[in-house]
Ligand SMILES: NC(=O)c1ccc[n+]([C@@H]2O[C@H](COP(=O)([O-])OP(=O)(O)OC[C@H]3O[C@@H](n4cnc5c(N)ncnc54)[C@H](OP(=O)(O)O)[C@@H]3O)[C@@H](O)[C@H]2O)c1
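Just one chain is shown here, as structure tokens, and it is the form predicted alone.
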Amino acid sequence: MDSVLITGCSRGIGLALARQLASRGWRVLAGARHPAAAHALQAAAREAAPGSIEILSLDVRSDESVKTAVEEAAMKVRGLDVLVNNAGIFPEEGNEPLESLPLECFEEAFAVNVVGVARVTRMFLPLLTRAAHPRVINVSSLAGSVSGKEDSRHYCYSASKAALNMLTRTMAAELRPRGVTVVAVTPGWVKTEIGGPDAPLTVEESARSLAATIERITHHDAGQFLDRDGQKGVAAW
């Protein structure tokens, strides 16, 4: 049984992806910052096949939290086949002009969307390298596309996702020789707290596509920015 650790599973895409991969026979380690308050995730774990969804306390902003999660994961799996860096934050309203945008929003966005990904990936790397075909999937966004940026919205979120894309390319170059495939994937515009109610995709639709893509990723995809169906060249850097 392949194993996957997903960050940010208390709701949204992370929760839907945990359910989807568990239904496909994966062993899911579902990270949540506050497991006791993650009622939907707890329900998903109860409804899934026994042992297919196990909840870990994991705050991507905390060295100690991630270290404890690594130790707990190591007691459950010998090696980690896939790490999905899904936890993300959208700290701004989205339409603020630069003059009135709280600069703390940049710090919050980068702390979770960039530094959090680097922290989790490097601390779980020993478990990843024990797997036969380890993959790291960084959940990015078309909001992080530099070449596609034509508006002034989402200053902090967009900048953090652009930085995540560069982090993905850099990690892919370093880790490819060690057998670890690192990619960025956009889930599409999804009805979540970040995506809003006008988004055309449900979390279930996005998660089904993402799950299938995760299962198909090979070392040839390393360093790519894929759409949710695994296609290259659709999501522009």
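Note that the structure is a prediction, hence the values are computed from the model and not measured. One rule holds for the numbers: they count along the sequence shown, beginning at 1.
Unshown form predicted in complex with the ligand; subsequent notes refer to it.
- When you look in the model of the complex, the only residue of 67, 34, 178, 39 with a non-hydrogen atom within 4.5 Å of the ligand is 34.
- For the residues 47, 193, 174, 63, the 4.5 Å heavy atom test against the ligand in the model of the complex is passed only by 193.
- Interface residue remark: residue 10 is counted as part of the site for the ligand in the model of the complex, having a heavy atom within 4.5 Å.
- At a distance threshold of 4.5 angstroms between non-hydrogen atoms, residue 86 is in contact with the ligand in the model of the complex.
- In the model of the complex, none of the heavy atoms of residue 80 sits within 4.5 Å of a heavy atom of the ligand.
- Proximity of residue 136 to the ligand in the model of the complex falls outside the 4.5 Å heavy atom cutoff.
- Partner contact region in the model of the complex: 140-148, out of 71-79, 140-148, 94-102, 122-130, criterion any non-hydrogen atom within 4.5 Å of the ligand.
- Contacts with the ligand in the model of the complex, taken as any heavy atom within 4.5 Å, map within 103-123 to 112 alone.
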